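Next up is one chain by itself, shown in structure tokens, the form predicted on its own.
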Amino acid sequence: METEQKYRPAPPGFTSEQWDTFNEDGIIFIEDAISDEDIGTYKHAIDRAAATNPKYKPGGYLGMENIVERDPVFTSLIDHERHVGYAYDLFGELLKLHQSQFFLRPPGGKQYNIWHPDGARALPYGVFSPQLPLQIKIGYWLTDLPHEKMGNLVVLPGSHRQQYMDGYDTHNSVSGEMIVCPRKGTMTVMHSSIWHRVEPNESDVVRYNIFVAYCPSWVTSADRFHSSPKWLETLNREQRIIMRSYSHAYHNAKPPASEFPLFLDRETGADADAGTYLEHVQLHRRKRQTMHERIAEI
């Protein structure tokens, strides 16, 4: 099918090695993914947002959600070339922004998190999707965390394949856990079902962090019902689509024809998979394979 140049090829995503590690451990670490200049830009944007929050007290803890609507710096993360290809590899043409958030975790040791997976609790994502995640979370680590007890993320590698663990709803250390001590500029890609918690911050460093999570469009959003129509008008095409702010509920499962293609194939530049449908089938009614499906066929 002929495709106009207005569409973008899908940005880079998982390498084969990263995909193997992601499936085995439930998380991958990409060091030096974020430049010092961008780290400074993101931290300044966090400080700006914090300063306008009436509940924030300087030097205190703060977590904010739906940050992409709060500052153009955060808006750029919706479809950022640095990471959106990882999400596209999993969720393809129905890619959706699930949640965007930042955290300021100051010294003090009080703000920590108990063991949990992301997403639904009473009926977890893994019940329906035991292999592939129904959400992935991209982490931007903007502070050096070389030691434990700095507000570190703690994960249990491989636990995305299990729906029960004895540490659930506690902050207890468990056998096999990994206390993540990233350099600033590291990016993580995390499976929604991996069990994780957050250490207290007993250092003299404020932990700056951004998380951007993605899911299929038919999974409910975590931080909004609808986006501001005026704000949506400021977005580029891909950003607007990925926000999935529809007035018709079923469009989350069956988006309108104007939403296709979201991205072109990164290798071929095609807007559809070759040899799968007769020519009369409209583009928005065609299934396109995800990276996982293509690998499975090899």
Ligand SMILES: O=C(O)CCC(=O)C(=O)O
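The structure displayed is predicted, hence computed values, not measured ones. Just count from 1 along the sequence shown to find any residue number.
Omitted from view is the form predicted in complex with the ligand, to which the following refers.
Remark: Asp118 counts among the residues lining the ligand in the model of the complex, judged by a heavy atom distance of 4.5 Å or less. In the model of the complex, Leu153 approaches the ligand with a heavy atom inside 4.5 Å. Among heavy atoms of Tyr208, none comes within 4.5 Å of the ligand in the model of the complex. In the model of the complex, the ligand sits within 4.5 Å of a heavy atom of Lys137. The partner is absent here, but in the model of the complex a heavy atom of Gln101, alone among Gln101, Ser221, Thr186, Thr75, sits within 4.5 Å of the ligand.
Shown without its partner, this chain lists Ser228, Ser173, Ser129, Asn113 as candidates; in the model of the complex, only Asn113 has a non-hydrogen atom within 4.5 angstroms of the ligand. From the list 195-203, 213-221, 160-168, 88-96, the contact stretch for the ligand in the model of the complex under a 4.5 Å heavy atom rule is 195-203.
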